[in-house]
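Only one chain is shown below, in structure tokens, and it's the form predicted alone.
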Amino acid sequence: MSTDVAVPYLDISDPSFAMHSEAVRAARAQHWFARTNYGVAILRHEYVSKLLKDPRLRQGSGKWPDHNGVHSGLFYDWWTQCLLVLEGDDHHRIRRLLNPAFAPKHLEPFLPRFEALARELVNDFIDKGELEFVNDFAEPYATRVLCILLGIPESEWPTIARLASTIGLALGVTLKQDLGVVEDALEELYGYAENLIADRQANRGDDLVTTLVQANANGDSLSDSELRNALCLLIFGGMDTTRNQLGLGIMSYLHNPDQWELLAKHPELARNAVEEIMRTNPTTTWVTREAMVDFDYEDLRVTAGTTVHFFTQVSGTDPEAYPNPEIDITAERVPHYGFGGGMHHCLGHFVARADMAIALTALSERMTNLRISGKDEWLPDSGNTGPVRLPIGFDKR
């Protein structure tokens, strides 16, 4: 790696490391990439846009279990076969079969039910003037939305949330020590998914599972194990990321009260409000790829096997791409990468965009003067982040 400009270094394993820091912004101003203790980090929007779609890079999470000393077992088998990490023909085939189920036309019939759910949850706390946002809104909303989509009784949402949260431990650096509880949860979720699939094969409904069971392209269809793996990924990924993103969103607008009031007056801007929090404060603060071959890109030399991190939050506030990078729900923006990019672009982004827009609308139309009302707790500000506990005070609108 050679360059006339000094390349910055970021220690992304340091507990004090934060994406929203002056050190990271200074690194972005200094150069378009940084060296890290886990490979290379791409910092600027222009380069994220180009390299995230580069065919010389593959999804970088496939070796996560191996990196943590896990080389076999239930979690290893699921992780290495799920859509998130598949590549090539296997990825294209399964994604081609799954894609139609997530099209807007399949989503639209569920939107009134999402709206009713959001209003119901808001009604439960609106007269109190405060709530613990994760437990009182974000987690039940995100999980019950999944239940509605999948045709699961909403009363079962605590079970779904527990399983998804436990499997989420697998994304932490303590994977090996948490492996037992992760695999217990995954085994339980396997059984849940298999029962759902068997039921929809016998009794078709108007839900996402039925659509997936019926998925067919050119005479090809998903096997029961492929369906199970996809459902487990959907339940795990859909609940966790939406819950975290809603928490990050409410914090973003707590710090931008003028934008919150604008949304309350103009609910038609709700989709823009979602895009702005995904751009500036995404739960997935970086996405990872791995180099399959040696290659050079401008002054960056990449060797096969190198991990390449795309800092989505940092590129989303790059002043070169966003001259006024602060949240503005009326602005027209170039695309952000809060949902990833390239062939691993988030499969459920239509669902996430729609259900978060509904949630922000329901909250803003009833709540004003948002403020922190107690001790908040957060996941680390890197990788997948979000609030663990977020007490919010407000005035009833």
Partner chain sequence: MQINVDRTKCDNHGQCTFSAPTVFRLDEQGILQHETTADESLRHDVEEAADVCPAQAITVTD
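As the structure is a prediction and not an experimental result, all values here were calculated from the model. Numbering follows the first chain given and starts at 1.
FYI, the form predicted together with its partner chain isn't displayed, but the following is about it.
- By the criterion of a heavy atom within 4.5 Å, Ser49 is counted among the residues contacting its partner chain in the predicted complex.
- When its partner chain is considered in the predicted complex, Gly69 lies well away from it, no heavy atom lying within 4.5 Å.
- By the criterion of a heavy atom within 4.5 Å, Asn99 is counted among the residues contacting its partner chain in the predicted complex.
- In the predicted complex, at least one heavy atom of His344 sits within 4.5 Å of its partner chain.
- Residue heavy atoms within 4.5 Å of its partner chain in the predicted complex occur in exactly one stretch of 162-170, 222-230, 102-110, 241-249, and that stretch is 102-110.
- Taking a 4.5 Å heavy atom cutoff to its partner chain in the predicted complex, the contact residue among Arg301, His92, Arg204, Lys265 is His92.
- Within 4.5 angstroms of its partner chain in the predicted complex, the stretch 36-72 places a non-hydrogen atom from each of Ser49, Lys53, Pro55, taken in sequence order.
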